[in-house]
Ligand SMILES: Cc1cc2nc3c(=O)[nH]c(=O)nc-3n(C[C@H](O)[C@H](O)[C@H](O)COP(=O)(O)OP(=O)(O)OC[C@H]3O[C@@H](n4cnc5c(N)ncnc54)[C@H](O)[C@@H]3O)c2cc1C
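Here you get one chain, nothing else, as structure tokens; it is the form predicted on its own.
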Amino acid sequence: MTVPLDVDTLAAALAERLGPGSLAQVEKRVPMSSRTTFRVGGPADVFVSPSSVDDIAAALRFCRENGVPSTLLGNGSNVVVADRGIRGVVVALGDGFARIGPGASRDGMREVHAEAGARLSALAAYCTRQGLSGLEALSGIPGTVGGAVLMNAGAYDRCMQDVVVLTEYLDEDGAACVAEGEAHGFGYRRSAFLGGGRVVTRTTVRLAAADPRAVQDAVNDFGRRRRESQPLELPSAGSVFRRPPGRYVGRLVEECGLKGAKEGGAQVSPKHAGFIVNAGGATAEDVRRLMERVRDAVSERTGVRLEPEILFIGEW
């Protein structure tokens, strides 16, 4: 059977599949401009916020069985959603699936478990309070733990690869699996979970015991450095291009005279040319056009081909 892509029918059928015992929220026609850090994007047909692994598995199984497109989303911090929105079902791992708790301790190291919908900043704050060192440099990254593992998020020469030891996930068929060590397939802004239908559900980090005051001081220092160098006051999706080997995106863009350049409401940040910001009223198409303009200019002038770090999703 295939469920018709009528939004009301689709939402009702999905809610029925999840069942009365589920705490998942199912919403219709949700504007993605309100659910992404770039503050752009049209509506998602159906938007489900799961509260358990069973909810995630049931929603994705429902989509597979009924030929319904599905899109997985975290905090919406590393994506640009099309102005037309997203067809089918968006499964958003957020506050309803964000539990953080202690794990094993050995040899001066302690493990912490975090569900995929937990904010990375919340995990870092929890570890800071516990006097655990290793996430200080990543504490200002706005995404979820699941998204951070997926993209091997990093900053200031640190990344998730440095602390993640085990990750629970659903495979392409919805079966629960576990990855340990090298099975994560970590590389620069990538992991074994990027593409292919795998869904990170929970991860375990291993951190060193330290003086809580020293950890907090380090968090504060990284926060100050971010505020001084990055356009945190405006909506964005962070760095828009991957860093080329041996080069810096911001400097390359400045060399091309594009710092502050605009397309509609999208602008290359005057504060940091590696960022594109929503300077007011930007559309997803504005962002896409500006990224293409920057990419083409840098390629023509320097020979460096910039690759996007952010993901474009939805009906383009």
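For every residue, the number given is its place in the sequence shown, counted from 1. Quantities reported herein were computed from a predicted structural model and do not represent experimental measurements.
Unshown form predicted in complex with the ligand; subsequent notes refer to it.
Proximity to the ligand in the model of the complex, taken as a non-hydrogen atom within 4.5 angstroms, holds for one residue of P244, P142, G88, G134, which is P142. Residue-level contacts in the model of the complex: of A179, V205, V200, A124, one residue has a heavy atom within 4.5 Å of the ligand, and it is V200. Of the candidate stretches 208 to 216, 124 to 132, 171 to 179, 142 to 150, only 142 to 150 has residues with heavy atoms within 4.5 Å of the ligand in the model of the complex. The ligand is not shown here, but in the model of the complex it comes within 4.5 Å of a heavy atom of L311. For the chain shown alone, G238 is a contact residue for the ligand in the model of the complex, at least one non-hydrogen atom being within 4.5 angstroms. Among residues of the shown chain, H113 is not one whose heavy atoms approach the ligand to within 4.5 Å in the model of the complex. Contact check for F275: a non-hydrogen atom falls within 4.5 Å of the ligand in the model of the complex. Contacts between 9 to 34 and the ligand, taken as any heavy atom within 4.5 Å in the model of the complex, involve no residue at all.
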